[in-house]
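In structure tokens, the next block holds one chain alone, the form predicted on its own.
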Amino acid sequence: MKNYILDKNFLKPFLRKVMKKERLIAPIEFNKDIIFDFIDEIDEITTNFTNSIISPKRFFFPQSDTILEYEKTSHVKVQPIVSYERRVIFGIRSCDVYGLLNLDKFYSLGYEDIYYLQRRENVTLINLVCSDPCENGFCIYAKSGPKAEVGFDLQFTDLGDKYFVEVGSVKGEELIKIAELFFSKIIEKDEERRFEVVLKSKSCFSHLYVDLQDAALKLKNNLVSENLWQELADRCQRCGGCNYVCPTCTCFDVVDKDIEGQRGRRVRLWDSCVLGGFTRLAGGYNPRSRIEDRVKRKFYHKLSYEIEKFQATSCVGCGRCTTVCLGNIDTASVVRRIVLGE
């Protein structure tokens, strides 16, 4: 794959070309927060941000997603609802790229989830390398940033007045062809400048040390006191915020909703493993009725079980759970306590 240079003056014209071919999603400022949304006007887009408050996961695994419609007549007619819309996400960060790689494994393990996988197939990712660290991010210790090594279609590194553009896939190369006149060849100085920028970024991202590997080892060997889970449970607000902002959480519920008469739809909704109803069975029995059991399983899942299945934790170090957790039992805080043996 080739690499290119894109002058910043050509960024908006390039994205306008993209919008004519595919639906564009990009970061915008909304009520002083950064969110990813569908773009109607190029001037809505911002590149001046560290990360969004919620990951772009919702464009692959929506918070509320109708997965089929049905009609009861002499027999039941079922129509799956699968999205085939082609989209481009511009400005996604490295941690969220790695979050999607984690979701790819989950949604294709054993049973292939067509609702997620079809959206994933139809999306092109333009990753924006981080220059400044998030306040609560520790991606460098989760090996997910500030620059992605895999998973992107295009990757932009800010060199000041231009972007160094890496092509990571055929989809990325096809996107360049939409407006190839805007892209120029790289020279040796561009490579050197890119190396310096990434190296400087990495040095800035070492401010928040989180030892995920040591915590995972202690969990695997059952070296964590049960008292810790009780204390964390006492602090948990049962809000589910940590799950909702996490780029790798996959908890969901499925409900049927009537449309009219004998017609209805089946909807997949975000859920949270720390909520009491998540593990409640049809007969009313709940194998994890105690909040301490649910909190314990959440961290075992994130930091231990995922290693057994996918050879990596499902924490990408984005720090969003630290931002939203009211009880200060976010992943970074809990990992430190596990490592310290508290």
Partner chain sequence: MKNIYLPEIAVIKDIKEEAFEIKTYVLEFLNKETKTKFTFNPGQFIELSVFGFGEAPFSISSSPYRKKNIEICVKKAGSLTKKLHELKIGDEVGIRGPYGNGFPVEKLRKKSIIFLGGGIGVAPLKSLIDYLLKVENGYKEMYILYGAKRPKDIVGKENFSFWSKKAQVYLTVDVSDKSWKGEVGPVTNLLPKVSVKAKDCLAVLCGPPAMINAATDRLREIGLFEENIIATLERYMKCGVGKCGHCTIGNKYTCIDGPVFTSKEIKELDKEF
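Quantities reported herein were computed from a predicted structural model and do not represent experimental measurements. Numbering follows the first chain given and starts at 1. Only the largest set of C-alpha atoms that superpose within 1.5 Å between the two forms is called the rigid core.
Quick note: we don't show the form predicted in complex with the partner chain, though the next part is all about it.
Of 144-152, 248-256, 91-99, 169-177, which is the one stretch near the partner chain in the model of the complex, taking non-hydrogen atoms within 4.5 angstroms as near?
-> Stretch with heavy atoms near the partner: 248-256.
Out of Tyr305, Phe59, Phe36, Phe49, which one falls within 4.5 Å of the partner chain in the model of the complex, going by heavy atoms?
-> Exactly one listed residue reaches within 4.5 Å, namely Tyr305.
The single option of Val76, Leu199, Leu181, Ile187 touching the partner chain in the model of the complex, heavy atom within 4.5 Å | Selected residue: Val76.
Check Tyr4, Ile53 and Arg320: does every one of them have a heavy atom within 4.5 Å of the partner chain in the model of the complex?
-> No: none of Tyr4, Ile53 and Arg320 comes within 4.5 Å of the partner chain in the model of the complex.
Though only this chain appears here, would Leu68 touch the partner chain in the model of the complex if you measure heavy atom gaps against 4.5 Å?
-> Because a heavy atom of Leu68 falls inside 4.5 Å of the partner chain in the model of the complex, the answer is yes.
Wondering, does Asp293 line up within 4.5 Å of the partner chain in the model of the complex on heavy atoms?
-> Judged by the heavy-atom cut-off of 4.5 Å, Asp293 is in contact with the partner chain in the model of the complex.
Verify the contact flag for Asp161: yes if a non-hydrogen atom of it lies within 4.5 Å of a non-hydrogen atom of the partner chain in the model of the complex, no if not.
-> No - in the model of the complex, heavy atoms of Asp161 and the partner chain never come within 4.5 Å of each other.
Applying a 4.5 Å heavy atom distance criterion, does Arg266 contact the partner chain in the model of the complex?
-> Arg266 belongs to the contact set for the partner chain.
Does any residue in 96-134 get within 4.5 Å of the partner chain in the model of the complex, counting heavy atoms only, and if so which ones?
-> If the 4.5 Å heavy-atom criterion is applied to the partner chain in the model of the complex, 96-134 yields Phe106, Tyr107, Leu109, Tyr111, Glu112, Asp113, Ile114, Tyr115, Leu117, Gln118.
Superposing on the rigid core, do we see a C-alpha displacement of 2 Å or more at Gln262 between this form and the one not shown?
-> Result for Gln262: yes, a 2 Å-plus shift.
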